[in-house]
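Shown next as structure tokens: one chain only, the form predicted on its own.
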């Protein structure tokens, strides 16, 4: 199939001067709702850019941008006596996710398999179809990032409509899809010389060399299978608080619970689905109060095995993208890379 002319013309590299970033965002707002990283206290959060300016020099966000595709709280339908009203979750306008890091783009690709496989999730799919991804390569890294160990950063190779790289006083912009080509055509970005690719690769190489954490993936599946009864799990049973924070900030976790909320009149209410966590005590509780993961070590072990063993046979990839959010958010400082190092005897 021949590519549209706009896409073919936009195959050349483009530049966006940082002084024109606001103009670029305003051009995007004309055709879509634009979400980007903005400061929230000392951290950052993906928010709708109404009167806010994106801060693209951020390290990571509190919650991953998956929250805009799979909402933490999502109403499915409301009811009042014998009347039921299904909630339509289709966005009224397309949404642009601006400044997503490579690890989070890889996470969205994993969720595309989870929610678009044999049992397709219509709520996720409708949002995903309306979503444009403008990714941002990482030229700076955070202390807890280990994306290079998993091949999920700091550079991105695919999965984007547009890809930006910070080159100091400007962004290099690369087009990935016809939809991305239409956006840059509307914004009127200027061509960039191919020599900018040299600057891009230098900055990405420097970022890769600054990564401190590593997670060795060689024979990882067998390592975990051989160490199911390792003493580290007993240690973690006493250390982990089972608060679920690590799973709530994980960009690839997809579990949810379905809850019915009844109003005080006992005649009306709604059904919603909410994010859930395998670290919580009642997650594995079944009929008659039985719980097949009642012990805390069983729950934290399940989380690690799910990310590093169980994902691959099902989705062809590990379930961890090395964003480091679980390390950032754990108040006890539990580090999944250190768990693996201990299993390896390091």
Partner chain sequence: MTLINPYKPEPAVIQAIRSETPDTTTYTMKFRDLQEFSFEPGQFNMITLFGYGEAPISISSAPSEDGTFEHTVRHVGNVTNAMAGLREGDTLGVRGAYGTGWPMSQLEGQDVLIIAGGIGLAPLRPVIQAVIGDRRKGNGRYGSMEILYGARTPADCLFKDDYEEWRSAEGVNLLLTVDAVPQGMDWEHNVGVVTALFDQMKSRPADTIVLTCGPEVMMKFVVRGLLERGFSPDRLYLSLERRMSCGVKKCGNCQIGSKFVCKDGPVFAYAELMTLSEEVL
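The term rigid core refers to the most C-alpha atoms you can superpose between the two forms while keeping them within 1.5 Å. Everything numeric in this text was worked out from a predicted model, so none of it was measured. Residue numbers count along the first chain shown, from 1.
Although not depicted, the form predicted in complex with the partner chain is the subject of the following passage.
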query: Does any heavy atom of residue 125 come within 4.5 Å of a heavy atom of the partner chain in the predicted bound form?
result: yes
field: Partner proximity in the predicted bound form: residue 229 to the partner chain, non-hydrogen atom cutoff 4.5 Å
entry: yes
- request: Answer yes if any heavy atom of residue 55 is within 4.5 Å of a heavy atom of the partner chain in the predicted bound form; otherwise answer no.
  value: no
- request: Classify residue 255 as contacting or not contacting the partner chain in the predicted bound form by the rule of any non-hydrogen atom within 4.5 angstroms, answering yes or no.
  value: yes
task: Would you point out which of 278-286, 316-324, 31-39, 46-54 contains residues with a non-hydrogen atom within 4.5 Å of the partner chain in the predicted bound form?
output: 278-286
query: All three of 84, 262 and 302 touching the partner chain in the predicted bound form at 4.5 Å, heavy atom to heavy atom?
result: yes
- line: Answer key, the partner chain contact in the predicted bound form at 4.5 Å (heavy atoms) among 143, 169, 129, 219: the residue is 129
message: Please tell me which of 204, 114, 150, 187 lies within 4.5 Å of the partner chain in the predicted bound form, judged by heavy atoms.
response: 114
- request: Let me know which residues along 105-121 have a heavy atom within 4.5 Å of the partner chain in the predicted bound form, or say none if there are none.
  value: 114, 115, 116, 118, 119, 120, 121
message: With a threshold of 2 Å on the C-alpha, tell me if residue 268 counts as moved between the shown form and the other one once the core is superposed.
response: yes
